[in-house]
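In the form predicted on its own, a lone chain appears below as structure tokens.
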């Protein structure tokens, strides 16, 4: 069986892929609006991890709708959750995709789908949605990552990544400048996976 893991190049989606590896043929899928060449980074990271990788192009109108949401709300939560839902729906529309996974943890607030959203997608599109980290909190994930992955971490604006937020940030930067990004996005730490660790 094959599962398609939404992959940003960060530690959560990478760890999800590792956890599913004993049970599925894992492919990593990075979503892109084509605004930035972020897929190149994700492809390189996927190769280091030893998983096949592909790019899923998302419709520009999804990014525009997310842009409207964040500008109206003044914070990114609903905009990023909206992109996440549409990314899963887009991937689920592929007739060859039957299982979709992501790196959502137990204590995540973004991106997160509600139970009703998950059931709707599964029922409408005939897929099964899996969150391998849903039973894990941040501390446990960090413990596992330290054991199995080499990563770099730092402020969001300084760490290369291929998640939804990077292209949303870029659209806002192009239209409003860097100060607007600082106003809308709270400071937080991001990760980028470098490789698996060699286990002794």
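Because the structure is predicted, anything quoted here is derived from the model rather than measured. Positions refer to the first chain, counted from 1.
Below, we refer to the form predicted in complex with a further copy of the same chain, which is not included among the displayed structures.
J.: Counting only non-hydrogen atoms, which stretch in 45-53, 135-143, 171-179, 58-66 is within 4.5 Å of a further copy of the same chain in the predicted complex?
T.: Of the options, only 135-143 has residues within 4.5 Å of the partner.
J.: Using a 4.5 Å heavy atom cut-off, state whether residue 81 contacts a further copy of the same chain in the predicted complex.
T.: No.
J.: Indicate whether residue 150 is a 4.5 Å heavy atom neighbour of a further copy of the same chain in the predicted complex.
T.: No.
J.: Under a 4.5 Å heavy atom criterion, is residue 77 part of the interface with a further copy of the same chain in the predicted complex?
T.: No, residue 77 is distant from the partner.
J.: I'd like to check something about residue 24: if you look in the predicted complex, is any of its heavy atoms closer than or equal to 4.5 Å to a heavy atom of a further copy of the same chain?
T.: Looking in the predicted complex, residue contacts with a further copy of the same chain include residue 24, since a heavy atom lies within 4.5 Å.
J.: For a quick check, can you give me the residues of 106-141 that have a heavy atom within 4.5 Å of a further copy of the same chain in the predicted complex?
T.: Residues within 4.5 Å: 106, 107, 115, 118, 119, 122, 128, 129, 130, 131, 132, 134, 135, 136, 137, 139, 140.
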